[in-house]
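As a starting point, one isolated chain is supplied in structure tokens, in the form predicted alone.
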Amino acid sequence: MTRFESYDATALRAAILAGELSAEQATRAALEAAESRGTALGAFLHVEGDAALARARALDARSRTDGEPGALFGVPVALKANMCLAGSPASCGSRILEGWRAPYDATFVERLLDAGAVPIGATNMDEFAMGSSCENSAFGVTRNPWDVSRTPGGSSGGSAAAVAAGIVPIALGSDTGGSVRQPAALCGTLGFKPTYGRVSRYGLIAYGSSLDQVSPFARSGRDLERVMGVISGADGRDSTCIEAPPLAIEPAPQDLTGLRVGVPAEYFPTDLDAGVRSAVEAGIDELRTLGAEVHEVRLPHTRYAIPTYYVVATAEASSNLARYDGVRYATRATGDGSLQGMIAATREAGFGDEVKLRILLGTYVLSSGYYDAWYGKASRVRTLIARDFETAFGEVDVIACPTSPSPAFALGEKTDDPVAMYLSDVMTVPASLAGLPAASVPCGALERDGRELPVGLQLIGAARDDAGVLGCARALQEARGPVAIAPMEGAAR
């Protein structure tokens, strides 16, 4: 492990600008770590190599006095494999896009490059972001660096593992129903889902268009703020993007005096893992110590969130994935020689079981005679869930609760029980349905089978209060101290 890995992005940028190391050195260290630890974890599907080093050398050749250096100058970053970086593979963890290379940069990737960041590769993910354990990738599982026999969470498990293992200080994932917050909790990093529309989705390959949000992982609250300041902002190429300037980085809060924190009983059921409950309650006590006032709030429609989400998300997935037919791009199978035979054979060969299941579910709930009974009803319940949050935010400023109902579970433990797997997202789905900003912050750890496993506390804010959620997350993280790099327990180093 090199000394660079102990730096967060803010400190690493400062060291590069001070001449203590070069962007090329930082990038080379990240690439070497991606090849060694990343391979052991199954964290990367593609490593940029020469292209990343060329970008770093170009940064080193710039004059440090020629204008203001970018907010991420020289910082190695990782991108989830459903994000477009021109000329690089973007497979979405699926055989149907195997070998396809993005012809353009996503808006958020453009902004990273303009800020001086150096993308080093594409991280592994559940196929088309459909999963909660990073076991649904067509190219192999990703492992949790705290215990390699366990899942890192999903679908952005590769990005979470890359940050947790110290390969990069920042990685981007996409959060549809918790796919950044849940793996952040299971891997012991910070993760932030912004308000829906705060970051452009142009260049993010879609799963559920009314839910997907580009979301960062980091090991410090100030890094979350820094990367959000880079990637947020209006974009005319995405009609769902909010017309607002990039997020301003606020001064670090001295304390949380006067902040009203709501704690919903619905997020602390009797079957919540005892170790998770204890760690999250300790995190809430830490918020009290920082000056926050803690109040109980009610979110009564939370119990309907999972069924609502899996109707809405699968319906949108069935529509979005209809474009993969073997006609326009990517994989094509021959079939029986007819057009329909070719399309059927392409999808049979290209899509994995979980994707096929969700397409079938989505097609059913949108079909004639069933649309109103399923999708229409789910849309109405989604509104009720959003109204619960609106009511709560009339009384409090932020809501605190567990991010995940359990710590990282064993690989294979839930693969034969889809309902148990879907319930892994029970704490994160409500904020996604309501389009709210939410962060996961490490709040402690528990022991399982002789291994220490992280626990995350989730902070949810009102719509567009991204800065408030990030400020609270930063205060909590800094009060608890630096986030540790995972020890790669059980992996050959």
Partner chain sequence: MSATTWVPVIGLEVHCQLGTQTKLFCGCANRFGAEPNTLTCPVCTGQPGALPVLNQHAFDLALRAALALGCDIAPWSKFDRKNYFYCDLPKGYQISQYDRPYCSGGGITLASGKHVRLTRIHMEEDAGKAVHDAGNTTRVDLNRAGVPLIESVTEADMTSSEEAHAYLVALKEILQYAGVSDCDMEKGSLRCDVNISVHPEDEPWRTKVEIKNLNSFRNVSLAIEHEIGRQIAAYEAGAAIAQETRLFDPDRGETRTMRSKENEADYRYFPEPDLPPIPVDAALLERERGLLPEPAAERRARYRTELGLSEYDAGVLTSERGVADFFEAAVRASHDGTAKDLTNLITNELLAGLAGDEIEASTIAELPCKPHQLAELVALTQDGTITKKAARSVVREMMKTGRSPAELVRELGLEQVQDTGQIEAWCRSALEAKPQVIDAVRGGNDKAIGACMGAVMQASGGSANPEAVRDTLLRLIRESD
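This one's a predicted model, so the numbers in the text were calculated from it and none came from an experiment. Residue numbers count along the first chain shown, from 1.
Keep in mind that the form predicted together with the partner chain is not shown, yet the notes after this line are about it.
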| item | value |
| --- | --- |
| Which of 161 to 169, 245 to 253, 204 to 212, 286 to 294 sits within 4.5 Å of the partner chain in the predicted bound form, heavy atom basis | 204 to 212 |
| In the predicted bound form, I343 touching the partner chain (heavy atom, 4.5 Å) | yes |
| Partner contact for S368 in the predicted bound form: the partner chain, 4.5 angstroms, heavy atom | yes |
| Heavy atom of L339 within 4.5 Å of the partner chain in the predicted bound form | yes |
| 4.5 Å heavy atom contact, A265 to the partner chain in the predicted bound form | no |
| Interface residue in the predicted bound form among F409, F393, F139, Y375, criterion: non-hydrogen atom within 4.5 angstroms of the partner chain | Y375 |
| Proximity to the partner chain in the predicted bound form, single hit among C84, M228, A71, A122 (heavy atom within 4.5 Å) | C84 |
| Site test, S319, A322 and V327 vs the partner chain in the predicted bound form, non-hydrogen atom cutoff 4.5 Å | yes |
| Heavy atom contacts to the partner chain in the predicted bound form at 4.5 Å, residues of 96 to 115 in sequence order | L97, W100, P103, Y104 |
